[in-house]
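Listed next as structure tokens is one chain, alone, in the form predicted on its own.
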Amino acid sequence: MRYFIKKTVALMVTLLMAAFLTFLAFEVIPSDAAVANLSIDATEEEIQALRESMGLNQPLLVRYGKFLLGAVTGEFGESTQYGLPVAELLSDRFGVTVSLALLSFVLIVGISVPLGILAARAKTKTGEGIVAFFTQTMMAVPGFFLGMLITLVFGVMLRWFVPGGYVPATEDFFGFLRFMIFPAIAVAVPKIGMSVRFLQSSLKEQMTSDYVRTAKSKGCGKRRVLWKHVLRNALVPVVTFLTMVMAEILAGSIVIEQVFNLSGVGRLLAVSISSRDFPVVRAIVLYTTAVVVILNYGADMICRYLDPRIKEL
């Protein structure tokens, strides 16, 4: 319980610090949101009037308080490019990014865990060499190139899906899955290679531990030792790695979303940066930071459950 309380307090403090640094970073940018909303022919009186209506003339701490309240309630102001509430823009694209992340994560875990176990149990140099070849190949292929290759082969040549033809799940769930599985594969393949190598290395390290020899000397079979003891301990570093992968995908797979023409958070971030739409950029930066911090917190809790020997910091 003490470990949980300390980690929860650290989570809240980290989120508050992240919110303050995000707010401060955009305050020191040499740009004026009022000027960005007006044309180059705007007069000084019009600029000052808009600054007043937007609250830009208020003290720094007052603006930070409003920003923090907005972050809690989901009110991030209005986009200077789209003229829509930032929360509305994010909610429209959040589902796409989360769907891509979940599908990718299922593929990564569902393929890498069995392959990692098989790789760790390989008894010959040939078997290890085959695993090493395939994992190195998977890690070496850039996601954007794989996405382009998938689009060319499965979209253009085989016509298994329509390139750029994203269908919302609310309209056609199976059509949505049929399209989303391909960008999910493009995201997952390099991560699968990394996960297999992580799990293989961790399993081999655990298999040489004293508790494995003790369990075998007590008559436990190899399969029981593997599933009952070794795998649980070996998953600790893998869980940490998978958390980083999940955070990376949820933060927005910008390149993959561009390749498959997905209107996700990553693509919105790229467009907002190019158009200097700072309210949107600031909200996405804060969202990304919160995702990373919360997922790391979740990873700490899972690792603590898997290995109670983890000491409090």
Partner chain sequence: MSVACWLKKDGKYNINRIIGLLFVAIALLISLVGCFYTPYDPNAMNADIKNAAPSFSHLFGTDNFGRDVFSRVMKGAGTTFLVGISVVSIGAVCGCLLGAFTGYFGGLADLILMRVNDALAAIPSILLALVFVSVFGSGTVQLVAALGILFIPSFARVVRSGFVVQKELDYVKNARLMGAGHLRIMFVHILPNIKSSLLSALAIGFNNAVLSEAAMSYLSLGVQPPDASLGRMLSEAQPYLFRAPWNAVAPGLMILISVLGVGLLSLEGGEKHD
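Note that this is a predicted model, so its numbers are computed, not measured. Residue numbers count along the first chain shown, from 1.
One more form of this protein exists, namely the form predicted together with its partner chain; it is left out here, but the text below deals with it.
**Q** With a 4.5 Å heavy atom cut-off, would you call Phe26 a contact of its partner chain in the predicted bound form?
**A** Contact with its partner chain, yes.
**Q** Would Arg276 count as a contact of its partner chain in the predicted bound form, using a 4.5 angstroms cut-off between non-hydrogen atoms?
**A** Yes, Arg276 lies within 4.5 Å of its partner chain in the predicted bound form.
**Q** Please tell me whether any heavy atom belonging to Gly129 falls inside 4.5 Å of a heavy atom of its partner chain, as the geometry stands in the predicted bound form.
**A** Yes, Gly129 is a contact residue.
**Q** With the cut-off set at 4.5 Å between non-hydrogen atoms, does Leu262 touch its partner chain in the predicted bound form?
**A** Flag for Leu262 set to no.
**Q** Is it true that Ile108, Phe161 and Ile185 each have at least one non-hydrogen atom within 4.5 Å of its partner chain in the predicted bound form?
**A** The answer is no; none of Ile108, Phe161 and Ile185 reaches its partner chain.
**Q** Looking at Phe94, Phe241, Tyr82, Phe144, which is the one with a non-hydrogen atom within 4.5 Å of its partner chain in the predicted bound form?
**A** It is Phe144 that has a heavy atom within 4.5 Å of the partner.
**Q** With the partner removed from view, which of 83 to 91, 151 to 159, 98 to 106, 68 to 76 is the stretch that lies within 4.5 Å of its partner chain in the predicted bound form, judged by heavy atom distances?
**A** Answer to the contact question: 151 to 159.
**Q** What residues in 267 to 299 sit within 4.5 Å of its partner chain in the predicted bound form, counting heavy atoms only?
**A** Heavy-atom contacts to its partner chain in the predicted bound form: Leu269, Ala270, Ile273, Ser274, Arg276, Phe278, Val281, Val285, Thr288, Thr289, Val292, Asn296.
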